[in-house]
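Given as structure tokens, the chain that follows is alone and in the form predicted on its own.
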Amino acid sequence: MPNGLIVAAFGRHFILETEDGQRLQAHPRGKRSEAVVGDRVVWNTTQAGGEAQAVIESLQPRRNLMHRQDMVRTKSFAANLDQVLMMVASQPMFSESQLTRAMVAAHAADIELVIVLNKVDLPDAELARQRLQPYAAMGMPMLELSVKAEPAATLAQLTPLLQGRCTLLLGASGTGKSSLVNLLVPQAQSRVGELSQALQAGKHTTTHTCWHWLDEGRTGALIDSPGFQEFGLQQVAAADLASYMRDFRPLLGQCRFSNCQHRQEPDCAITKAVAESRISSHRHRIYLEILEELQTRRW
């Protein structure tokens, strides 16, 4: 049976791209739909209403998998990524909690994350830079863009980073994510509309994750995911959370207690670093907030 690539997901309905670039409507064999955008799958052909459709028989092994959570449930939504671009903005000012959650999710899946600060042409850009200073200090890759004001410069910065790689674009509503997608993939909106129309899902085109090729040779790809208001981390074990905090990691194992939770325990290397301003107190508060959720919330 042939192999294919999932390029769009609409609930239990999918768009599958064949090895020669043809796109087919697809659905999973059976009731469960575990496939996500970026999955490589084994498929078969069936006829439905006189049109050829693909039946997803099985998933190929994944290199990684990204999850996100809303108020109701956790969802896997993208697989086999080379990197994540986390887009934040100076206006509206970004949420450090959302940024940290995305970083934890990416690090837990062993995926590189790049922070992209957009709208640096606006007056609040300097404040945004100050808020991002702790992330720069811990060595997080970071870019500054003005997508609408300087599209040519944006393309010059991003093209080498995206070439030949599969990139997931994340960001809250209002960060300029749609503008960036339209700049990188001018036909993106019409393509998403065509896909959703094929699956009779046209009223919800902005809520779906879609794969866009960035070049004719199909070597680089951008996965566009809907903006989020919450980013839960149900897939992360509470005991592992500190290891996914990049600024905590160098100090792990230096606390008095091996099971230290870095709250108020005596001789905690993390809280000592916070007191000495070597770790941002705000970052530590976000860690405690997420830890509390993971330990007490029933998802």
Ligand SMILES: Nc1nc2c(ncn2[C@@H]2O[C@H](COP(=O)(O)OP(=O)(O)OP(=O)(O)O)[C@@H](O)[C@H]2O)c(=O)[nH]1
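These numbers come from a predicted model, not from an experiment. In case it trips you up, residue 1 is the first one in the sequence shown, and so on.
The same protein has a further form, the form predicted together with the named molecule, not shown here; the description that follows concerns it.
- Of the residues given (A106, M86, I223, A172), A172 alone sits with a heavy atom within 4.5 Å of the named molecule in the predicted complex.
- The partner is absent here, but in the predicted complex a heavy atom of D121, alone among D121, E96, E144, D82, sits within 4.5 Å of the named molecule.
- Across the options 129 to 137, 210 to 218, 111 to 119, 96 to 104, residues that bring heavy atoms within 4.5 Å of the named molecule in the predicted complex belong to 111 to 119.
- In the predicted complex, Q157 stays away from the named molecule, with no heavy atom inside 4.5 Å.
- Among heavy atoms of A149, some come within 4.5 Å of the named molecule in the predicted complex.
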